[in-house]
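Just the one chain here, the form predicted alone, laid out as structure tokens.
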């Protein structure tokens, strides 16, 4: 089997120009409260903001097609596709650029973040087909990876370096028989990178087992933005310091020492009684309970053409986070949108979007 790297493909950085963005319309009532109406409004707001700067495609079930079309701007393309939930980052392809302007993408085998050993729902077969269907629509070259992974588990700088979290990528509920060397080789072969920088743990209470896109991301080559906690009583206090220590000790694929920028962790957020009451539990679906800590992070933003689409949570840390993002992305407009309804489902703006690079 020819790997992307052998075929001359690699994953560009998220800030490289985009041909567009892919999203999936939320609807499952065991994850999204009140029949997903609040979440649909939040997804529509994100889609509208991104569509100001690049084309957006929303994947929608047949049942929800008319509803989605009615609530989305005309500029957003609506395409019918079957899915199990709405996490385009994790189930969509990680797009690649190849020789002579070729478009490719990685299909990561998907098992709902842990399969039968801690996964969040069953079945997940429709989600596992999404990446291949998108690549088919785009007539892109398809590369099916050999191990389970999600798109939110990796982040690249476009110059040969990837970030990943051991807690997630090396978790036995993904690939019980794969070694660290196996996973690192796969990341190099399928992302076209030369170096993987491993962080130990992700944001506490992150039900993905610690996706890197909730913890840290490259904002340009050589600079990583890290979710930072100043409260010693918070579990993220040690996580953020351990991550910073590893980042500062590392060198990227070009031999550069990394610089770390800090962005505050949001004021702690918890699921309210009324939010939990609006969820319809199912035997093989999500488990949601009032009082549960929400894994909120300002790092979970989308870099669009000319804009940063970031979550806000109506808490004191919002304005500090905005100032950090504006200082790091002075060439882009920072648009902060309410992220709580998305967060209640287990992720945020980066998790529900997937960029397609321009060629």
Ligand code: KQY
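On a predicted model such as this, the values are computed, not experimentally measured, just so you know. Positions refer to the first chain, counted from 1.
Keep in mind the form predicted together with this ligand is missing from the figure; the text below concerns it.
K.L.:
When this ligand is placed as it is in the predicted complex, which of 81-89, 135-143, 261-269, 155-163 ends up with heavy atoms within 4.5 Å of it?
P.N.:
Stretch with heavy atoms near the partner: 81-89.
K.L.:
Which residue, 113, 190, 108, 218, has a heavy atom that falls within 4.5 Å of this ligand in the predicted complex?
P.N.:
That would be 113.
K.L.:
Given that this ligand is left out here, which of 338, 346, 12, 20 has a heavy atom within 4.5 Å of it in the predicted complex?
P.N.:
The option sitting close enough to the partner is 346.
K.L.:
Going by a heavy atom distance of 4.5 Å, is residue 194 a contact of this ligand in the predicted complex?
P.N.:
Contact check for residue 194: no, nothing within 4.5 Å of this ligand in the predicted complex.
K.L.:
Test of understanding: in the predicted complex, would residue 24 fall inside 4.5 Å of this ligand by heavy atoms?
P.N.:
Heavy-atom contact with this ligand at 4.5 Å: absent for residue 24.
K.L.:
Against this ligand in the predicted complex, would residue 120 count as a contact residue? Criterion: heavy atoms within 4.5 Å.
P.N.:
Yes - in the predicted complex, heavy atoms of residue 120 and this ligand come within 4.5 Å of each other.
K.L.:
Whether residue 207 contacts this ligand in the predicted complex should be assessed with a 4.5 Å heavy atom distance threshold; does it?
P.N.:
It does: once this ligand is placed as it appears in the predicted complex, residue 207 has a heavy atom within 4.5 Å of it.
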